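Two forms, one protein chain; structure tokens for each follow separately as structure 1 and structure 2.
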Structure 1
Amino acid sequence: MFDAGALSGLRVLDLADYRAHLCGRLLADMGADVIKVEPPTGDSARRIGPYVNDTPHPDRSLFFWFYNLNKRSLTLDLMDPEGREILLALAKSADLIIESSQAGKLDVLGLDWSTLHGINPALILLSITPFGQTGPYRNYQADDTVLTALSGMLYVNGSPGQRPVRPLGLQAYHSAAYYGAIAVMCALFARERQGEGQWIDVSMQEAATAAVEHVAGSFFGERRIEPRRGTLHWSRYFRVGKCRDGYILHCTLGDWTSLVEWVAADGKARDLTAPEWHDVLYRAEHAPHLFDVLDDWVRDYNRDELVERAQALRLPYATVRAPEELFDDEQLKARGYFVEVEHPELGRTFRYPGAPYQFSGTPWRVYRRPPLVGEHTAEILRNEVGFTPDRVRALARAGII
């Protein structure tokens, strides 16, 4: 028997735009009731592709689906005073509001921290913005690519002298979403002791900077500016090699004797049989030559055959795969990573990527498919704000919901 979700009972109003959608999703996956508040025309993420069958439609954006699984949808025009009043009514019983508007915009809307804190002292406000609420950049414009640039995520990928290579998949936003969720959990613990909520200011730039492994450490430790090194990992123990039918990742951290015996048996070891290569630090120091020899060795292998044999020798080689291959990955299958989500109005189930963690007592779960625009507006206004059906209809006619 499982407990209710780890975050069950937690009420969240998610006002964030798509740059911070993942944060509410992380909480919803663990049982929080996350109400996505979107404008009556639908959230802007609904207009970002890809779409189901490439047919643009606000309820068929896969971009929206991924970031909004398990949330409910309430449409509300926050530009309208009545819309804001409804939001404040909901804020009275909420634990958390997530928002990502430009610093200062909440004040203009009358939804600033002191107002919110005044109506509900237990409420936590999480603001996730590109540069945070303070500092000279607080009103600067940024998308994920700009943030990868200003955090050091970008400079160190790719070849020396060439264009830096951008991270895949909006990782500056994702880092900030995770740090935002972490902050919310910290604020919940603080609230247990002190009884009051607080305002959390997450800067996407800072979150992304904290998600870079080596740049600050090298600079503060040795005043070294980390360069781009091609596919050579900064530790110097990994580099991409090219097989006959694809790419692999070399790794020189495994059992050296096994590796060099194999390479020698293929007649490709050259100077690698010398004893100094047994020293792992020597291997790092002479990495370019080492990997050149190994590249020459793997050239005539098939990718999968090479990595399978390496794994049998417990050498941590890896195939450089396309994400399509993940759906056939035996490990992910065995763990039930992918989940089926039913979309009744499309008459189909769709396979989604699943849990980033498996909790034994309070598992990550699919509670509901991503919401249609305003799907839960009437239910929320009637049951949770106490409006009559007539009042709900009037608000809809006025375009407020």
Structure 2
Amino acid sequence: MFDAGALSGLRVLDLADYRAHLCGRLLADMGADVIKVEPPTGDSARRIGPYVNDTPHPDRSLFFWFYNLNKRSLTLDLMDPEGREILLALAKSADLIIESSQAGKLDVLGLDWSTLHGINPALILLSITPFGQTGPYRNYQADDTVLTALSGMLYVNGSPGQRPVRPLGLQAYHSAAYYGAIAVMCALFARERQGEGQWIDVSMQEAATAAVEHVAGSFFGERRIEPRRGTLHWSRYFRVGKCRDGYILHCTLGDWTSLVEWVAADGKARDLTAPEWHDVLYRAEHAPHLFDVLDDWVRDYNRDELVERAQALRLPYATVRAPEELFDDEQLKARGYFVEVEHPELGRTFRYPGAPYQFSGTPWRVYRRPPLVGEHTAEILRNEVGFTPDRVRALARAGII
């Protein structure tokens, strides 16, 4: 018997497309009952590869699987009036609706905030869109690349004097999803005090801007535009270096005396033994030269040997691993990070990334594998709306579900 999740009892209708799927996934991972509402043909993310065995199939998309673990699936044609009526019926008992449609589209469908709030004053509506519900860009389209560019995330990514590099993955979308989940938690606390839900407006561009660690702070605090630095961290105390068999992260904080004595013992210290290098601010100011010297020092070391000895000397060095090496990472193994998820219809299990956090009383866990298209439609309509099996079959024949 598993303990209930932290958000057990919370009912979520996830109308979002793949740009905001992660938000619902974060809530589902904490025990919320997240119902993925998708068209009868399946969510568009199901048509994004890679696929199991490289064979395109709506129930075999690894992309969809990652973002929709722990959710249920309800197919529903929201362009049909009866489909919208079913959604409104579900909204009466829901705690949260997540959507990512273009600003104003819910109004056209008759699913606007005033209507939703009228039928369920406790309902929370979370809208995650490229530029929010108001302002001059509200009707503009933008993908993750555009959003990283307009947020400043792309500008600071890359090597000095070279073109900027697109950030890996879908970081603008993910930033918005995390801020959306945080906002939902705040709205739930507010609902406990005030008794009403609220409409949360999340701009993906603003979320990505807020997520770029140092850029906004430098500009608004010092009116300074941050440059591209390659792998040199903006604090100037960290940089990636290359050993004989892999990459490590240098760090010039910690026990500087131990570090410079070690480098000197190897005959590679050059000018780093001078007294001015003991000043932590001096090391930051002259970071490029300092890391060039350290890069030359580590190039003949084995990566793991170097990191193990550095950590023994209380130097916060770390390994930079390739993605495929993470399966053998000692720390991730100790945490039981990767989990096996059974897909009975395929007769096998698949390894998924696991808990991004550790809760003691309400631990993260896998409640269910990602849903097949419409897998839970009949169950939801019978149990949550009260439809008879005949009514469900009629809706299916009409193409509404």
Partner chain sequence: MLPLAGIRVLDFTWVVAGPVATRILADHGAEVIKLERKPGPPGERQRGLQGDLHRNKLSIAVNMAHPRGLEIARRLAAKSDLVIDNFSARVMRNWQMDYDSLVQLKPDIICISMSGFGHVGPRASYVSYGPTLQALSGFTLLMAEDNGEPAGFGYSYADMAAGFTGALAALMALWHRERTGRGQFVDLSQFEALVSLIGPAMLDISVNQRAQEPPGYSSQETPAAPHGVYRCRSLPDDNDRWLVISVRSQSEWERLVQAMGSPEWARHPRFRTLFLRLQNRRELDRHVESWTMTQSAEDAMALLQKAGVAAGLVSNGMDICERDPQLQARGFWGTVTLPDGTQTKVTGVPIKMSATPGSVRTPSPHIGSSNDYVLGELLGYSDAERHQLIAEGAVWP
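In this text the structure is predicted, and so the values were computed from the model without any measurement. Start at 1 and count along the sequence of structure 1; that gives the residue numbers used here. For clarity, a rigid core is taken as the largest C-alpha set superposing within 1.5 Å between two forms.
### Query
Where's the form predicted in complex with the partner chain, in 1 or in 2?
Of the two, structure 1 is the form predicted in complex with the partner chain.
### Query
Relative to the superposed rigid core, does the CA atom of residue 318 travel 2 Å or more between structure 1 and structure 2?
Passes the 2 Å threshold, so yes.
### Query
For residue 124, is the C-alpha shift between structure 1 and structure 2 2 Å or more after core superposition?
No.
### Task
Establish whether a shift of 2 Å or more occurs at the C-alpha of residue 242 between structure 1 and structure 2, with the two forms superposed on the rigid core.
The answer is yes; the displacement is at least 2 Å.
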